[in-house]
Each structure stands twice: as structure tokens, then as C-alpha cells.
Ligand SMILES: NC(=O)c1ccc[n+]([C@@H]2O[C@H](COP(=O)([O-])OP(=O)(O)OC[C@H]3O[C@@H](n4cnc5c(N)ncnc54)[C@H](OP(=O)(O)O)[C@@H]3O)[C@@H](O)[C@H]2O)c1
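Okay, so here's just one chain, in C-alpha cells, the form predicted alone.
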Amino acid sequence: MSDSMNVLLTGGTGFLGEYLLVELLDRGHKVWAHYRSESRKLDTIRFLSGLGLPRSAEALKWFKGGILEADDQWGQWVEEYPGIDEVDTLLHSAASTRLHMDEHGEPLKTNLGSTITLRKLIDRIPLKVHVISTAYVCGLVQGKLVKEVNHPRGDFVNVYEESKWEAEQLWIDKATILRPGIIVGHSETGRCTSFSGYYILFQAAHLLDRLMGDAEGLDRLNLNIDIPANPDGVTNVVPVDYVAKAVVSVMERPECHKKIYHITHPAPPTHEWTLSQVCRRFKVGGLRFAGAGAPFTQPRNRIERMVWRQMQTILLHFANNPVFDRSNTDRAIGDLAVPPVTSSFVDKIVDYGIEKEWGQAGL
């Protein structure tokens, strides 16, 4: 391992941010963790305390402020938080994960805006920089191998991916760019605090299951719905604890800095397998993949309309099928095993999601 790092972490109370904190503290690094919400900070402190972290009072310190004003606020932070100017590494994890633009300009406002202001800050205060992006900055890709390189602007599936691509353009050759796949719950506990992405499939199926419970005369094992997607495509899901371990492992190796890494699963589940898990878990059948571009089965009655609306919700998550190259990642941290995505793991993350009412209950 390299010498101990003194890390400025943005997004420290986020889903991935909490596990980055766990890894950094567990491996003996010092962290200045950014937060915006006092309640989220307290939740994160309780989570860390349950793991016996931090182990010393000096290991973790908190600072509050607007990342979108980081360049302007740095002098104020230095005065208000003695010692923050001793950081030597920036790990930028803060992000908006909204898929579509809202009235406030999110996710572009946060994902690109934070990059612009942090780039200005780094020009004045040289730090080693590591940035969390997403593997899906490649845009819409059907079954082709996506290299660990800077991509030209693609046909993006959503604004989130586009905002991350635009942010990357400002970091190329200046930072280590870490591109996770679709992050899901902890590999052992299923714990999760952000139920988007892959979870949308299971949320939709869970709602459909409840709706069908009140439908008379419905043969739930023969819904007869064709889905216009490729059954052999894959959804690259990775447990949050693996992503955090991989990120920190790369950070600890100076020879690995300023490169691009796909923190992705080498054996991701196919769409066919994922759909089989949805059907198994919620006891439904008659859902079939008809191939990309095939017509969506049109509803003929109220029950079929109900099913059709839910399937429309999850269709987007079967539309993109890139295959991610991991050459840089395997050279750097190939000895770090990626937890397999199995039926028992799916049950674990779905159980947790249902228990927490998909984020509506207290976490």
C-alpha cells in the first residue's frame, strides 16, 4: 500500500460515499468528508459507528459547504476548518443521479457545475484527483466492447450519462477516472440507500405483483407480454462494497493514477437471467424478449394495460447493452474478486428494498 493519504471526499454521505469512507478509514487514511445535510451526516456517523469506525478522532473530520462554490469558499473553509488545507488527495464522489432534467437543471447543474468549480480549485491547489464517473458514459451501445478510453459524444440514454460524459471532458489527463457499472447493495447485507437503476426493475415488478393481487381472472403465469429487447444483452451491476474497495485500491497505487478504469462486473447477468429472477421472485410468467426493435405487445384490456404500463417503466433498463473492457482495471487490481450476481444475491437486495419500502422508509 502507498503512504497514508489525506483525502478530501465530496459526497461523503451518499450511498457510494459512505462505503468509500469505510474503505478509506479501514485502510488507515485520513478523510475530510463533505456534507450538506445534518441528518444525512448523523445517519452516516451511525453507520460508521456500527462498524467501529473511525478508530481515532483524527481520522475523520467533516466540513459543510456548497461544492458548486468550492473555489470561492476554499478560503472560508481553511479558516473555519483548521487542517483542511493539508489534504493531498481529492476524491470527487458527489453527484446527482437523476436520469432526466428537472426544473432546477439537475443532474447537469451538480455533475458538470461541481466539476467546473473543482477544476478551478485544483488549478490553484494541486492535489491528486480521483473522480467517480459511470461506465455508461459510452452512450447507447449494442453488444460492442467499450474500451477504457475517452469516448466521443454518444447517443446517450439519459441526461445523467450525458452530464457525466461532459464532466469527464474537463478531467481527462488531470485525474484518475473511475467508471463503476450500475451500483447495487452490499454483497453480504444487501444494504442500500439509493433505489434507482437496477432496482427500478424490481420495484416495478413488486408494484405489479400487488396490483395483480386484486385482479380477478388473471393468469399471472401467462401474461403474454413481448418485450422489445435483446435477451442476450447484459446489465452490468456491481455491489457497492466492491466498487469502494476497487476505487481505494486504485488510489493507493500511484502508478495507476491519471488513467481510466471500468469498475464493472466481468460476468454480468444477461437480460434473460434478470427477467427470470423477476418472474421467479414475484411468481409471474409469460414475459418474453422479442428482440431489439420488435413491437411492444399492445394491451387489449384493463389488466393488460396495467402490466403494459409497468413493463414500459422498465424497458429503458434493457435497452443498452455495452460490454466493458477491464484491461486497466485487471492490471491494477485484478486480484480483487468481484462478488457474483446470483439468485440469492438478488433475493437479498430485493428483500432489503422491500423492507425499506424502496427508500420511503427510514434507512
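The numbering used is simple: start at 1 and walk along the sequence shown. In this text, all values refer to a predicted model and were calculated from it rather than measured experimentally.
Same protein, other form: the form predicted in complex with the ligand, not shown, and the subject of what follows.
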| item | value |
| --- | --- |
| Answer range among 200-208, 252-260, 178-186, 79-87 for contact with the ligand, defined in the predicted bound form as heavy atoms within 4.5 Å | 178-186 |
| Partner-contacting position among Thr115, Asn230, Ser133, Gln277 - heavy atom within 4.5 Å of the ligand in the predicted bound form | Ser133 |
| Heavy atom within 4.5 Å of the ligand in the predicted bound form - the one residue of Val247, Cys138, Ala94, Ala167 that qualifies | Ala94 |
| Contact label in the predicted bound form: Thr110 to the ligand, heavy atom within 4.5 Å | yes |
| Touches the ligand in the predicted bound form: Val346 (any heavy atom, 4.5 Å) | no |
| 4.5 Å heavy atom contact, Leu16 and the ligand in the predicted bound form | yes |
| Partner contact for Ser194 in the predicted bound form: the ligand, 4.5 angstroms, heavy atom | yes |
